[in-house]
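Listed next as structure tokens is one chain, alone, in the form predicted alone.
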Amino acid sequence: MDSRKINGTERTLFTLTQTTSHVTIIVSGGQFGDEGKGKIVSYLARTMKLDAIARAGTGPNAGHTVVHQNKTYKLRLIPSGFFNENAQLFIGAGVLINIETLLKEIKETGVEGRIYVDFQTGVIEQHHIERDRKDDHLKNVVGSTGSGCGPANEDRAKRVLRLARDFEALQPYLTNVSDQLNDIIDNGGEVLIEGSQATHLSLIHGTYPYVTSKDVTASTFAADVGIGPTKVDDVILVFKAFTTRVGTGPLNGELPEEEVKRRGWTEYGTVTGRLRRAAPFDFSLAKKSVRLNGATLLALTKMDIVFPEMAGKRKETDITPEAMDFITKIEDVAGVPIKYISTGPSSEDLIVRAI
């Protein structure tokens, strides 16, 4: 373990190189999604001796972009660290799947034989998608992606949703994910849990009603895959150096589209292709996210967009004074250290700080 003084308080921190009986890490988003969680998960998948990577979160209404061996993958269900061939891949019972999307991604990523779905994972069917896209409230007020997640979770609450165990096409992939992960953890293994969406899209804690159809904070991610909170060593909370949001809902400090373009902050949603609204980094939002997730470490992405002189930097000594002031302000407000800083689109454009 390591320690660091933040806000005058000596904090004990886990590090990813510690020697413990096991290492279990959750990666969670701190804003409204699109923070770059896929890149952080990809780095951890390359550098850790992972035995398992598990997908938590709502379902295929969120996309994670991964670049591996010069190929870009836009994944909605398969864990972003799939390319670590030593790791078994799991989709937890708390996640919703679209069978067509899942089978397509299995083929694209070549993970046949090491991808498993919990027996009780909920399944989105065509009538869920149709209900999602025809519902005026979900479409026009909430700003749904139209992927069927909301209606599927509605059916789950009614206890009428069909589960993975009910579909022939999923039989080769079925397992008890909770049992598998707990066995790996109890035997000293390394587990990475990849959450989707982000804290302020949480049905419980987010900007209701402009939210997803379930809670999407770290504690629920643990529940999604069936492990208890005492088995989690680190929660890595990912922030983008500015704030973006797809669809409706409040966005503090939102900039006009022309200003977003002038700053070079223009982005489009991975799943919907919709233009992302943008605003400067929201420090109060970040502080709340840290508390809700129980974050122990932070990751900061798109630093090269806000601070162009940081583009492509890979050493801690390359952090400019202006960028360091920004980093320090976030740490002071959040009370948690920033360990990972993304400085470009390449998987190698990453600063890992020695905290």
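Bear in mind the structure is a predicted one, so any value in this text is a computation, not a measurement. One-based numbering along the sequence shown.
Below, we turn to the form predicted in complex with a small molecule, even though it does not appear here.
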Practice problem: Give a yes or no for residue 143: in the model of the complex, does one of its heavy atoms lie within 4.5 Å of a heavy atom belonging to the small molecule? | Solution: yes
Quiz item: Going by a heavy atom distance of 4.5 Å, is residue 247 a contact of the small molecule in the model of the complex?
Solution: yes
Quiz item: Does any heavy atom of residue 88 come within 4.5 Å of a heavy atom of the small molecule in the model of the complex?
Solution: no
Quiz item: residue 26 near the small molecule in the model of the complex, any heavy atom under 4.5 Å?
Solution: no
Quiz item: Of the listed stretches (154-162, 254-262, 205-213, 176-184), which one has a non-hydrogen atom within 4.5 Å of the small molecule in the model of the complex?
Solution: 205-213
Exercise. State the residue from 127, 71, 137, 274 whose non-hydrogen atoms include one within 4.5 Å of the small molecule in the model of the complex.
Key: 274
Exercise. Identify which of 201, 193, 95, 117 has a heavy atom within 4.5 Å of the small molecule in the model of the complex; exactly one of them does.
Key: 201
